[in-house]
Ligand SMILES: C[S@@+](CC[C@H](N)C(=O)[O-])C[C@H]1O[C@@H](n2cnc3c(N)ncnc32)[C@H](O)[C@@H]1O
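Shown below, as C-alpha coordinates, is a lone chain in the form predicted alone; questions about how it binds or moves come after it.
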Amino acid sequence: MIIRLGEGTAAGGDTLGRLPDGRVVFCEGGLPGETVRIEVVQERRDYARARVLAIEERSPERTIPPCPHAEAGCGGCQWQHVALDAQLRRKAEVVAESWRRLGRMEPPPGPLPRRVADGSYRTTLRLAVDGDGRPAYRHRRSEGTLAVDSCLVAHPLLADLMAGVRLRPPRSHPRPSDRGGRHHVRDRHGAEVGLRVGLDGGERLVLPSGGAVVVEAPVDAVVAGPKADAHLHEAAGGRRWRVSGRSFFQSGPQAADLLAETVATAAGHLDPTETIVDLYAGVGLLGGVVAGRSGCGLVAVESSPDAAGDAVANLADLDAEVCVMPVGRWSPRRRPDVVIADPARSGLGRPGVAAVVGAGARRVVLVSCDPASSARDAALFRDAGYDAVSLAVIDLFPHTFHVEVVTVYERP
(Lines give C-alpha, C1' and ligand atoms only; values in the text may rest on other atoms or scores of the structure.)
Protein backbone atom coordinates (compact mmCIF):
# COMPACT_ATOMS: atom_id res chain seq x y z
CA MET A 1 0.00 0.00 0.00
CA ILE A 2 1.33 3.45 -0.94
CA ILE A 3 0.26 6.53 1.05
CA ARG A 4 1.29 10.14 1.47
CA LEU A 5 2.28 11.02 5.02
CA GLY A 6 1.04 14.21 6.65
CA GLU A 7 2.99 16.79 8.63
CA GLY A 8 2.22 15.48 12.11
CA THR A 9 4.57 13.50 14.35
CA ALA A 10 3.15 11.48 17.25
CA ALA A 11 4.65 11.58 20.74
CA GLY A 12 6.00 8.04 20.24
CA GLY A 13 8.01 9.13 17.20
CA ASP A 14 5.77 7.77 14.43
CA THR A 15 4.61 9.97 11.56
CA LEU A 16 0.88 10.39 11.05
CA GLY A 17 -0.93 9.60 7.80
CA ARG A 18 -4.29 8.44 6.49
CA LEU A 19 -5.29 5.07 5.09
CA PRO A 20 -7.56 4.97 2.02
CA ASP A 21 -10.55 4.29 4.34
CA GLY A 22 -9.83 7.51 6.26
CA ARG A 23 -8.37 6.01 9.41
CA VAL A 24 -5.32 7.59 11.01
CA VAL A 25 -2.18 5.48 10.65
CA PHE A 26 0.90 5.75 12.88
CA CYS A 27 3.79 5.01 10.56
CA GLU A 28 7.14 3.84 11.96
CA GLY A 29 10.15 4.87 9.89
CA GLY A 30 8.38 7.55 7.86
CA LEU A 31 8.89 11.30 7.80
CA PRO A 32 6.36 14.09 7.29
CA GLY A 33 5.59 14.80 3.64
CA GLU A 34 6.99 11.53 2.29
CA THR A 35 5.25 9.13 -0.05
CA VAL A 36 5.90 5.63 1.27
CA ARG A 37 5.03 2.01 0.72
CA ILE A 38 3.82 0.61 4.03
CA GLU A 39 2.90 -2.63 5.75
CA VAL A 40 0.03 -2.42 8.23
CA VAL A 41 1.05 -4.31 11.39
CA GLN A 42 -1.87 -3.50 13.70
CA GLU A 43 -5.47 -2.55 12.98
CA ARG A 44 -8.07 -0.99 15.24
CA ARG A 45 -11.52 0.35 14.52
CA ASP A 46 -10.42 4.00 14.30
CA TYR A 47 -6.65 3.81 13.68
CA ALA A 48 -3.84 1.53 12.50
CA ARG A 49 -0.10 1.11 12.91
CA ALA A 50 2.28 0.49 10.03
CA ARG A 51 5.95 0.44 9.12
CA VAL A 52 7.70 1.72 6.03
CA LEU A 53 8.82 -0.84 3.48
CA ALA A 54 10.09 1.56 0.81
CA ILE A 55 10.41 5.30 0.20
CA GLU A 56 8.72 6.49 -3.00
CA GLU A 57 9.27 10.21 -2.39
CA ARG A 58 11.95 11.18 0.13
CA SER A 59 11.90 14.00 2.69
CA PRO A 60 14.90 16.38 2.79
CA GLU A 61 15.01 15.61 6.53
CA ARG A 62 15.89 11.97 5.86
CA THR A 63 19.51 10.92 6.27
CA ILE A 64 21.56 7.73 6.23
CA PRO A 65 21.65 6.25 9.76
CA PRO A 66 25.16 6.86 11.15
CA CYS A 67 25.16 3.50 13.00
CA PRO A 68 25.05 0.26 10.95
CA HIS A 69 23.03 -1.52 13.64
CA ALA A 70 20.03 0.74 12.99
CA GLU A 71 19.41 -0.95 9.65
CA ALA A 72 19.82 -4.34 11.33
CA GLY A 73 16.85 -3.55 13.57
CA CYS A 74 18.50 -2.29 16.78
CA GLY A 75 15.78 -0.80 18.97
CA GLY A 76 18.12 1.50 20.90
CA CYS A 77 17.87 4.52 18.57
CA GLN A 78 14.60 4.92 16.67
CA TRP A 79 15.34 8.20 14.85
CA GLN A 80 18.73 7.70 13.21
CA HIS A 81 17.08 8.18 9.82
CA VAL A 82 16.17 11.76 10.81
CA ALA A 83 18.76 14.54 10.36
CA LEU A 84 19.93 15.96 13.71
CA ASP A 85 18.55 19.48 13.24
CA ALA A 86 15.24 18.00 12.12
CA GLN A 87 15.16 15.75 15.21
CA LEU A 88 15.28 18.77 17.50
CA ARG A 89 12.71 20.69 15.46
CA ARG A 90 10.32 17.75 15.34
CA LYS A 91 10.60 17.18 19.10
CA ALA A 92 9.69 20.81 19.75
CA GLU A 93 6.70 20.44 17.43
CA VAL A 94 5.55 17.29 19.24
CA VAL A 95 5.64 19.17 22.55
CA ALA A 96 3.67 22.11 21.15
CA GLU A 97 1.05 19.87 19.55
CA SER A 98 0.65 17.89 22.79
CA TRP A 99 -0.05 21.13 24.68
CA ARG A 100 -2.66 22.16 22.12
CA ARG A 101 -4.37 18.77 21.89
CA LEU A 102 -4.20 17.51 25.49
CA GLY A 103 -3.79 20.71 27.48
CA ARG A 104 -6.08 22.84 25.29
CA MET A 105 -3.59 25.70 25.49
CA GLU A 106 -0.68 27.25 23.63
CA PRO A 107 2.77 26.57 25.07
CA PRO A 108 4.53 29.64 26.46
CA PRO A 109 7.62 31.10 24.76
CA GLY A 110 11.07 29.98 25.81
CA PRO A 111 14.70 29.62 24.76
CA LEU A 112 15.73 27.86 21.57
CA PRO A 113 15.77 24.05 21.90
CA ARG A 114 19.15 22.57 22.86
CA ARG A 115 20.68 19.11 22.81
CA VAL A 116 23.70 17.16 23.98
CA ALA A 117 26.31 15.92 21.51
CA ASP A 118 24.90 13.18 19.30
CA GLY A 119 27.59 10.54 19.95
CA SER A 120 29.09 8.81 23.02
CA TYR A 121 26.77 10.65 25.39
CA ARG A 122 25.44 7.65 27.36
CA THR A 123 27.18 6.36 30.46
CA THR A 124 24.35 4.05 31.55
CA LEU A 125 22.37 1.35 29.74
CA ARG A 126 19.84 -1.33 30.68
CA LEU A 127 20.02 -4.22 28.23
CA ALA A 128 18.53 -7.63 27.58
CA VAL A 129 20.68 -10.78 27.50
CA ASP A 130 20.85 -12.85 24.30
CA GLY A 131 21.16 -16.63 23.96
CA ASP A 132 24.97 -16.45 24.16
CA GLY A 133 24.88 -14.45 27.38
CA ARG A 134 25.83 -11.14 25.77
CA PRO A 135 24.24 -7.82 26.72
CA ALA A 136 21.98 -6.98 23.79
CA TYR A 137 19.50 -4.38 22.60
CA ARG A 138 15.88 -5.30 21.97
CA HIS A 139 15.07 -5.78 18.31
CA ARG A 140 12.91 -2.98 16.95
CA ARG A 141 10.49 -5.18 15.01
CA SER A 142 10.44 -8.46 16.93
CA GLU A 143 10.76 -9.90 20.41
CA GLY A 144 14.35 -10.92 19.69
CA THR A 145 17.61 -9.26 20.67
CA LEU A 146 20.55 -7.78 18.82
CA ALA A 147 24.05 -7.90 20.30
CA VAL A 148 26.29 -5.18 18.86
CA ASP A 149 30.05 -4.81 18.61
CA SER A 150 29.89 -1.02 18.74
CA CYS A 151 27.38 1.63 19.83
CA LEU A 152 27.11 5.17 18.50
CA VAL A 153 25.64 6.66 21.69
CA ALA A 154 27.63 4.74 24.34
CA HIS A 155 30.70 6.33 25.87
CA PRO A 156 33.85 4.27 25.02
CA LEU A 157 34.23 3.23 28.68
CA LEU A 158 30.65 1.90 28.60
CA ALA A 159 30.99 0.29 25.16
CA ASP A 160 34.09 -1.56 26.33
CA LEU A 161 32.21 -2.82 29.39
CA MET A 162 29.31 -3.99 27.21
CA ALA A 163 31.74 -5.99 25.05
CA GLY A 164 33.44 -7.56 28.08
CA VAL A 165 30.40 -8.79 30.03
CA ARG A 166 28.82 -12.25 29.74
CA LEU A 167 25.95 -13.73 31.78
CA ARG A 168 26.09 -17.54 31.78
CA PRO A 169 23.99 -20.29 33.42
CA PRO A 170 25.49 -21.27 36.77
CA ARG A 171 27.37 -24.58 36.70
CA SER A 172 28.88 -24.15 40.10
CA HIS A 173 28.45 -21.79 42.98
CA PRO A 174 31.69 -19.86 43.44
CA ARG A 175 32.05 -17.69 46.47
CA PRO A 176 30.60 -14.24 45.74
CA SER A 177 32.90 -11.27 45.47
CA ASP A 178 32.40 -7.75 44.21
CA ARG A 179 35.21 -7.45 41.70
CA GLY A 180 35.62 -8.65 38.11
CA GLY A 181 35.94 -12.30 37.11
CA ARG A 182 33.12 -14.77 37.78
CA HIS A 183 30.24 -13.86 40.10
CA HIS A 184 27.29 -15.99 41.05
CA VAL A 185 24.28 -13.73 41.01
CA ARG A 186 20.89 -15.28 39.87
CA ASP A 187 18.84 -17.69 36.53
CA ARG A 188 19.44 -16.16 33.19
CA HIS A 189 15.87 -16.78 32.09
CA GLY A 190 14.38 -13.32 31.65
CA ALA A 191 17.63 -11.73 32.81
CA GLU A 192 18.55 -8.12 32.16
CA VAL A 193 21.73 -6.27 32.95
CA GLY A 194 22.40 -2.66 33.84
CA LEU A 195 25.76 -1.24 32.84
CA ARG A 196 26.99 2.04 34.33
CA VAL A 197 30.25 3.94 34.26
CA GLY A 198 31.36 7.03 36.16
CA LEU A 199 33.57 9.27 34.07
CA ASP A 200 34.68 11.37 37.04
CA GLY A 201 35.76 8.42 39.18
CA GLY A 202 36.45 5.83 36.45
CA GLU A 203 34.19 3.23 38.13
CA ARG A 204 32.26 0.60 36.15
CA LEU A 205 29.23 -1.26 37.52
CA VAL A 206 27.44 -4.39 36.29
CA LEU A 207 23.91 -4.73 37.71
CA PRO A 208 22.22 -8.04 36.76
CA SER A 209 18.55 -8.69 37.47
CA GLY A 210 15.89 -11.25 36.68
CA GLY A 211 17.31 -14.63 37.72
CA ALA A 212 20.54 -16.55 38.80
CA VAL A 213 23.52 -16.28 36.48
CA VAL A 214 27.29 -16.33 36.61
CA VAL A 215 28.52 -12.91 35.49
CA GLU A 216 31.86 -12.65 33.74
CA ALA A 217 33.14 -9.07 33.69
CA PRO A 218 36.39 -7.11 33.31
CA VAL A 219 38.53 -7.22 36.41
CA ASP A 220 37.99 -3.53 37.24
CA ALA A 221 34.18 -3.78 37.14
CA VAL A 222 32.04 -4.12 40.25
CA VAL A 223 29.27 -6.72 39.91
CA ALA A 224 26.44 -5.86 42.30
CA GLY A 225 23.25 -7.70 43.22
CA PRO A 226 20.06 -5.87 44.25
CA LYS A 227 21.19 -5.35 47.84
CA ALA A 228 24.85 -4.59 47.19
CA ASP A 229 26.20 -1.20 48.22
CA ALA A 230 27.95 -0.21 45.01
CA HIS A 231 28.24 3.31 43.68
CA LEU A 232 30.14 5.48 41.23
CA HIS A 233 30.96 9.18 40.92
CA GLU A 234 30.09 11.73 38.28
CA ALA A 235 30.69 15.45 37.79
CA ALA A 236 27.89 17.74 36.61
CA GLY A 237 26.69 21.26 37.26
CA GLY A 238 29.99 22.18 38.88
CA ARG A 239 29.64 19.55 41.62
CA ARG A 240 30.65 15.93 42.19
CA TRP A 241 27.91 13.36 42.71
CA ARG A 242 27.81 9.95 44.33
CA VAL A 243 25.39 7.70 42.47
CA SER A 244 24.48 4.25 43.81
CA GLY A 245 24.03 1.43 41.34
CA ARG A 246 20.24 1.41 41.66
CA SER A 247 19.78 5.19 41.90
CA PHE A 248 18.43 7.13 38.96
CA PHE A 249 20.81 9.48 37.17
CA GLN A 250 20.66 11.10 33.76
CA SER A 251 21.88 9.32 30.62
CA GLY A 252 25.33 10.80 31.17
CA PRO A 253 27.17 13.87 32.50
CA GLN A 254 26.37 15.89 29.36
CA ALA A 255 22.66 15.36 29.95
CA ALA A 256 22.97 16.12 33.67
CA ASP A 257 24.87 19.34 32.89
CA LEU A 258 22.36 20.57 30.32
CA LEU A 259 19.34 19.74 32.45
CA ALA A 260 20.83 21.29 35.60
CA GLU A 261 21.77 24.49 33.71
CA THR A 262 18.28 24.75 32.25
CA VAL A 263 16.62 24.26 35.65
CA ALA A 264 18.97 26.71 37.35
CA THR A 265 18.09 29.37 34.77
CA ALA A 266 14.39 28.59 35.15
CA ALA A 267 14.55 28.88 38.95
CA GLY A 268 15.71 32.49 38.63
CA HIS A 269 17.62 34.57 41.13
CA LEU A 270 17.60 33.27 44.70
CA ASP A 271 19.37 34.58 47.78
CA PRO A 272 20.50 32.80 50.96
CA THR A 273 17.34 33.80 52.85
CA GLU A 274 15.10 31.89 50.46
CA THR A 275 14.19 28.19 50.31
CA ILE A 276 13.67 25.76 47.46
CA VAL A 277 12.05 22.34 47.52
CA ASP A 278 13.27 19.60 45.17
CA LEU A 279 10.55 16.96 44.72
CA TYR A 280 11.52 13.56 43.26
CA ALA A 281 15.03 14.73 44.05
CA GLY A 282 16.92 11.55 43.19
CA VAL A 283 20.57 11.95 44.19
CA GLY A 284 20.00 15.70 44.67
CA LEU A 285 21.23 16.91 41.28
CA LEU A 286 18.79 19.70 40.39
CA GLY A 287 18.16 21.20 43.81
CA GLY A 288 21.82 20.74 44.72
CA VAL A 289 23.06 22.75 41.74
CA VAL A 290 20.59 25.59 42.39
CA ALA A 291 21.22 25.71 46.15
CA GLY A 292 24.98 25.36 45.70
CA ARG A 293 25.11 28.42 43.48
CA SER A 294 22.70 30.64 45.41
CA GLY A 295 23.37 29.57 49.00
CA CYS A 296 19.63 29.21 49.63
CA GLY A 297 18.05 26.55 51.83
CA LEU A 298 17.03 23.25 50.26
CA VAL A 299 14.52 20.55 51.11
CA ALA A 300 14.95 17.42 48.98
CA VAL A 301 12.12 14.87 48.91
CA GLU A 302 12.89 11.37 47.57
CA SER A 303 11.16 8.03 48.17
CA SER A 304 14.03 5.72 47.13
CA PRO A 305 16.28 4.92 50.13
CA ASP A 306 19.29 4.38 47.83
CA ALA A 307 18.89 7.71 46.05
CA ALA A 308 18.08 9.52 49.30
CA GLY A 309 21.27 8.13 50.83
CA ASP A 310 23.19 9.50 47.87
CA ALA A 311 21.46 12.86 48.29
CA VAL A 312 22.50 13.04 51.96
CA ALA A 313 26.13 12.52 50.92
CA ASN A 314 25.92 14.86 47.93
CA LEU A 315 24.26 17.75 49.78
CA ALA A 316 26.24 17.54 53.03
CA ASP A 317 28.00 20.88 52.41
CA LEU A 318 24.72 22.76 51.84
CA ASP A 319 21.92 24.03 54.06
CA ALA A 320 19.87 21.01 53.03
CA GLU A 321 17.37 18.58 54.52
CA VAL A 322 16.61 15.23 52.84
CA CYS A 323 13.14 13.76 53.43
CA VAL A 324 12.85 10.04 52.61
CA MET A 325 9.18 9.65 51.73
CA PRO A 326 6.75 9.67 48.78
CA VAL A 327 5.94 13.15 47.53
CA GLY A 328 2.25 12.58 48.26
CA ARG A 329 3.01 12.24 52.00
CA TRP A 330 5.24 15.30 52.23
CA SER A 331 3.98 18.64 53.49
CA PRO A 332 6.09 21.78 53.98
CA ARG A 333 6.79 23.22 57.42
CA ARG A 334 6.94 26.66 55.84
CA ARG A 335 6.20 28.06 52.42
CA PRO A 336 9.09 27.60 49.94
CA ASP A 337 9.97 30.24 47.37
CA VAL A 338 10.56 27.82 44.48
CA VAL A 339 9.56 24.20 43.93
CA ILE A 340 11.50 22.01 41.49
CA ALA A 341 9.85 18.73 40.46
CA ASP A 342 11.25 15.98 38.25
CA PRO A 343 8.68 13.16 38.34
CA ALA A 344 8.62 9.89 36.38
CA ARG A 345 7.40 9.68 32.78
CA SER A 346 3.75 9.64 33.88
CA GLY A 347 4.16 13.17 35.23
CA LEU A 348 2.82 14.74 38.40
CA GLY A 349 -0.86 13.98 37.81
CA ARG A 350 -3.52 15.28 40.16
CA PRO A 351 -1.88 14.11 43.43
CA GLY A 352 1.51 15.53 42.48
CA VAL A 353 0.15 18.86 41.28
CA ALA A 354 -1.94 19.09 44.47
CA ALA A 355 1.21 18.55 46.56
CA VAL A 356 3.10 21.22 44.61
CA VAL A 357 0.23 23.71 44.72
CA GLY A 358 -0.27 23.04 48.43
CA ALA A 359 3.31 24.12 49.11
CA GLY A 360 2.31 27.62 48.02
CA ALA A 361 5.53 28.52 46.16
CA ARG A 362 5.52 31.59 43.92
CA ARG A 363 7.39 29.68 41.20
CA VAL A 364 7.41 26.04 40.08
CA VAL A 365 9.98 24.48 37.74
CA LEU A 366 8.62 21.23 36.31
CA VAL A 367 10.81 18.76 34.40
CA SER A 368 8.73 16.44 32.17
CA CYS A 369 10.21 13.55 30.20
CA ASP A 370 7.05 12.97 28.15
CA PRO A 371 5.23 15.59 26.03
CA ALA A 372 1.80 14.17 26.89
CA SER A 373 2.34 14.25 30.66
CA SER A 374 3.78 17.76 30.31
CA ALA A 375 0.56 18.91 28.62
CA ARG A 376 -1.73 17.19 31.12
CA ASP A 377 0.15 18.70 34.05
CA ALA A 378 0.01 22.12 32.39
CA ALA A 379 -3.78 21.97 32.35
CA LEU A 380 -3.84 20.99 36.04
CA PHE A 381 -1.57 23.91 36.98
CA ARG A 382 -3.73 26.29 34.94
CA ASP A 383 -6.83 25.10 36.76
CA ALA A 384 -5.01 25.59 40.09
CA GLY A 385 -4.24 29.23 39.30
CA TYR A 386 -0.66 29.00 38.02
CA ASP A 387 0.41 30.54 34.71
CA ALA A 388 2.90 28.81 32.41
CA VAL A 389 5.43 31.56 31.67
CA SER A 390 8.32 29.72 30.00
CA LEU A 391 8.98 26.40 28.30
CA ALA A 392 12.37 24.96 27.30
CA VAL A 393 12.77 21.90 25.08
CA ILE A 394 16.01 19.96 25.57
CA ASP A 395 17.17 16.80 23.86
CA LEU A 396 19.07 14.50 26.20
CA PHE A 397 18.66 11.44 23.91
CA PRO A 398 19.67 12.30 20.32
CA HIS A 399 18.67 9.72 17.69
CA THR A 400 15.58 8.78 19.73
CA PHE A 401 12.12 10.34 19.99
CA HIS A 402 12.56 11.09 23.71
CA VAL A 403 12.49 14.73 24.78
CA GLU A 404 12.61 16.70 28.04
CA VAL A 405 10.45 19.73 28.76
CA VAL A 406 11.31 22.26 31.47
CA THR A 407 8.31 24.50 32.23
CA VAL A 408 8.13 27.47 34.60
CA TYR A 409 4.84 28.17 36.36
CA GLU A 410 4.11 31.25 38.44
CA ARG A 411 1.24 32.17 40.69
CA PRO A 412 -0.08 35.63 39.68
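Predicted model, so just to flag it, every value in this text is computed and none were measured. Start at 1 with the first residue shown and count on from there.
Heads up, the form predicted together with the ligand isn't pictured, but that's what we're talking about next.
| message | Only one of these stretches, 338-346, 132-140, 267-275, 93-101, has heavy atoms within 4.5 Å of the ligand in the predicted complex; which one is it? | response | Selected stretch: 338-346.
| message | Is it the case that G282, even though its partner is missing from this view, gets within 4.5 Å of the ligand in the predicted complex, heavy atoms only? | response | Result yes; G282 sits at the interface with the ligand in the predicted complex.
| Does at least one non-hydrogen atom of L259 fall within 4.5 angstroms of the ligand in the predicted complex? | Judged by the heavy-atom cut-off of 4.5 Å, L259 is in contact with the ligand in the predicted complex.
| task | Answer for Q78 alone: is it within 4.5 Å of the ligand in the predicted complex, judged on heavy atom distances? | result | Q78 lies outside the contact set for the ligand.
| task | Indicate whether the ligand has at least one heavy atom within 4.5 Å of a heavy atom of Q250 in the predicted complex. | result | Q250: yes, in contact with the ligand in the predicted complex.
| Which of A313, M325, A117, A72 has a heavy atom within 4.5 Å of the ligand in the predicted complex? | Result of the distance check: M325.
| message | If the cut-off is 4.5 angstroms on heavy atoms, which of these, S303, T145, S294, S209, is the one near the ligand in the predicted complex? | response | Contact check passes for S303.
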